[in-house]
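What follows is one chain in structure tokens, specifically the form predicted on its own.
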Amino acid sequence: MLETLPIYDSFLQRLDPRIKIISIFIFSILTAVSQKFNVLLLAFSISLAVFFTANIPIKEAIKRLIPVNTLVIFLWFFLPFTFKGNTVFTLFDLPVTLEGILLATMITVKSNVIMLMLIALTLSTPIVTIAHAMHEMKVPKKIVHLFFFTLRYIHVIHNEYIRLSNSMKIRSFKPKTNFHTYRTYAYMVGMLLIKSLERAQRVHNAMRCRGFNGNLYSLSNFSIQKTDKIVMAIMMILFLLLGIIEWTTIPLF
């Protein structure tokens, strides 16, 4: 199935996808390079506003934020203890620094802010439409193809992984900390790589038989409407505000 993500009807869903891609790209860069918490607070407010505009259920957002925050949690186990700075307190005779806590907090906020915007994009725009929009924006073809086919076939590889995993369970395989377990998982990863290569070759041959020349075509043409221009202007003003707060000393708030 080509479309594996639900698309929710909303005001954001009806905007030109090129406007959404440009806005989220600029927003993500500004958020990633920001070093001020007041900028991150404003960015968080913008991402929440965009998210709720997309009319996406909270449950869907939480489900997609869990993997990101699972990785972030590991940072909290290391950064406060390893980052040099002023010691706030000690835990198990290990100094916890203020700078480490602030850095971990900043990374946590940045990750969730950017992820909220990406969730709003992917759950308001079909993956095929995003790929066509990237192609219309003159993004290099190889990047567009990599993006499109990765999302198109990642669930196929996942299904193959589940099939191999179930076959191992049927054979009474129980993972342990021994050489047999490591070798078995190595074999499974190798089989996934082989299956992926075979699938890629079959898809490539099928596309060549159908005359694929590297271009992605769409039955509908993109057109920027008045609403798109207004939204783009508002987003540019907000981005300018973020930049002013970040790189100037003007006390806006």
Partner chain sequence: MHISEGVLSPAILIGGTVLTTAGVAIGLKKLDQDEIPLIGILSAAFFVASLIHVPVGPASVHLVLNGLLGLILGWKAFPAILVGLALQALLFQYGGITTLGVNTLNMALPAVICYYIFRQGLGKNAKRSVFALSAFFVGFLAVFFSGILVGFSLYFTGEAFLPAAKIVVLAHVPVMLIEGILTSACALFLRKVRPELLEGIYV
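Numbering follows the first chain given and starts at 1. Here the structure is a predicted model, which is why all the values come from computation and not from measurement. The term rigid core refers to the most C-alpha atoms you can superpose between the two forms while keeping them within 1.5 Å.
FYI, the form predicted in complex with its partner chain isn't displayed, but the following is about it.
Proximity to its partner chain in the predicted complex, defined as a heavy atom within 4.5 Å, holds among Leu94, Ile143, Met137, Leu102 only for Ile143. Although the partner is absent here, Ile24 sits close enough that one of its heavy atoms falls within 4.5 Å of its partner chain in the predicted complex. Taking the partner from elsewhere, Val39 is found to have every heavy atom lying beyond 4.5 Å of its partner chain in the predicted complex. Contact between Thr82 and its partner chain in the predicted complex is found at the 4.5 Å heavy atom cutoff. Its partner chain is not drawn, but in the predicted complex it has a heavy atom within 4.5 Å of Lys176. Residues Pro67, Tyr187 and Leu193 are all found to lie within 4.5 Å of its partner chain in the predicted complex, as judged by heavy atom distances. Shown without its partner, the chain has Ile24, Phe25, Ser28, Ile29, Ala32, Val33, Gln35 in segment 17 to 45 as residues with a non-hydrogen atom within 4.5 angstroms of its partner chain in the predicted complex. Relative to the superposed core, Met188 undergoes a Cα shift of 2 Å or more between the shown form and the other one. In the core-superposed comparison between the shown form and the other one, the C-alpha atom of Phe212 has shifted by at least 2 angstroms. With a cut-off of 2 Å and the rigid core superposed, Leu48 has a Cα displacement that falls short of the cut-off between the shown form and the other one.
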